[in-house]
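Only one chain comes next, encoded as structure tokens, the form predicted alone.
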């Protein structure tokens, strides 16, 4: 029959997904809870349907799927799944299946090549990785002399806005005489972007190379600026050594505050609301440390948004979405900054460079006046002891 519509069924799709997820996809019975909880339903007429994707794989009809790349891997759906399905891991596996079939979005291979050639996904030369810190005289990490390795990360190395987070954290560490070192131009890309985009073999290669660098340098306690780097070191890297302990900077500073080693004397007389980054909060239960830091700063009045903690709305920057275009009117950050403004706060604080970028874009696009976006470490640096 001419011009007939037809599907080519691939009976191996389901078995392939089960193999990639160690069977974790099997318990899904397409109840739709994940679809109902997905934040895309708040900004689009048609939500992102995880159960539809799973059903198509079971039937062997999964072909090119642009919707597959919408997922920000925020994990909003996972706490509510009645079967405990790791939805993010399934999305990553499905994306890998698309890589194998060369059915991916235009531009994504360039990200892989940037990491391969430049050691970063920002399309910047590796020789520029430490240019932001030329005047800081940062010490090279030595496990015999430094308490922590400060992992700057690609974003804080190359993104000008995020560089201020690195400057602020270094200012705090030096003010309180905490011995730290960096790896400088030898610092490896953590590979988190590659993992979330689903190219699992290449991520494994990156992770093994990064773990070897940390192992050879004798890295013990590692403090990361980005929760995305922290998550990948904590949950997805091979073993480095028995002393390897990745921490997000909020965890580390909160522990120093708890032991009395960090006290703020100046006041920050502002009403602050805190936005939980998905990769610090839902992914790793890092809810208390950021709030502990804010509450330790004199003058801060901390107020919560309608959706906070486990229910915090994603900023929209995870899952590789930082390198994809999101249409106006479909940006989660627009909704989030409106929630922040509704609290009466004049500062929305967070603890992630991706969130900083998305939230600042949201404030501008929504035309909200009197609401400043700051990272917690920037606030802390402002109230250092005289």
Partner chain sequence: MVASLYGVEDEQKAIWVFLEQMEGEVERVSLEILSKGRQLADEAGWSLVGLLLGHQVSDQAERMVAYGADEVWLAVHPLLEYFTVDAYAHVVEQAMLKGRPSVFLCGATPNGRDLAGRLAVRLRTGLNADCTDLRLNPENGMLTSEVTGFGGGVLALLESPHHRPQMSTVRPGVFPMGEEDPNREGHVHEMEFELAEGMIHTKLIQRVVGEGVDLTQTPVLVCGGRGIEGKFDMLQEFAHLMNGEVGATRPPVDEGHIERERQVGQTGVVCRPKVAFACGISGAFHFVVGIQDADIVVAINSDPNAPIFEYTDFCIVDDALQFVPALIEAIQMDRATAND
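Numbering follows the first chain given and starts at 1. It should be emphasised that the depicted structure is a prediction, and the values quoted were computed from it without experimental measurement.
Below, we turn to the form predicted together with its partner chain, even though it does not appear here.
Peer 1: Answer yes if any heavy atom of residue 45 is within 4.5 Å of a heavy atom of its partner chain in the predicted bound form; otherwise answer no.
Peer 2: Residue 45 lies outside the contact set for its partner chain.
Peer 1: Test of understanding: in the predicted bound form, would residue 325 fall inside 4.5 Å of its partner chain by heavy atoms?
Peer 2: Yes, residue 325 lies within 4.5 Å of its partner chain in the predicted bound form.
Peer 1: Is residue 124 a contact residue for its partner chain in the predicted bound form, using a 4.5 Å heavy atom cut-off?
Peer 2: Contact with its partner chain, yes.
Peer 1: Contact with its partner chain in the predicted bound form for residue 357, defined as at least one heavy atom pair within 4.5 Å: yes or no?
Peer 2: Heavy-atom contact with its partner chain at 4.5 Å: present for residue 357.
Peer 1: Counting non-hydrogen atoms within 4.5 angstroms of its partner chain in the predicted bound form, say which of 214, 158, 264, 287 makes the cut.
Peer 2: Here the answer is residue option 158.
Peer 1: For the chain shown here without its partner, which stretch in 50 to 58, 25 to 33, 344 to 352, 326 to 334 has non-hydrogen atoms within 4.5 angstroms of its partner chain in the predicted bound form?
Peer 2: Looking at the other structure, the answer is 326 to 334.
Peer 1: For the heavy atom contacts within 4.5 Å of its partner chain in the predicted bound form, list the residues of 361 to 379 involved, in sequence order.
Peer 2: Heavy-atom contacts to its partner chain in the predicted bound form: 361, 364, 365.
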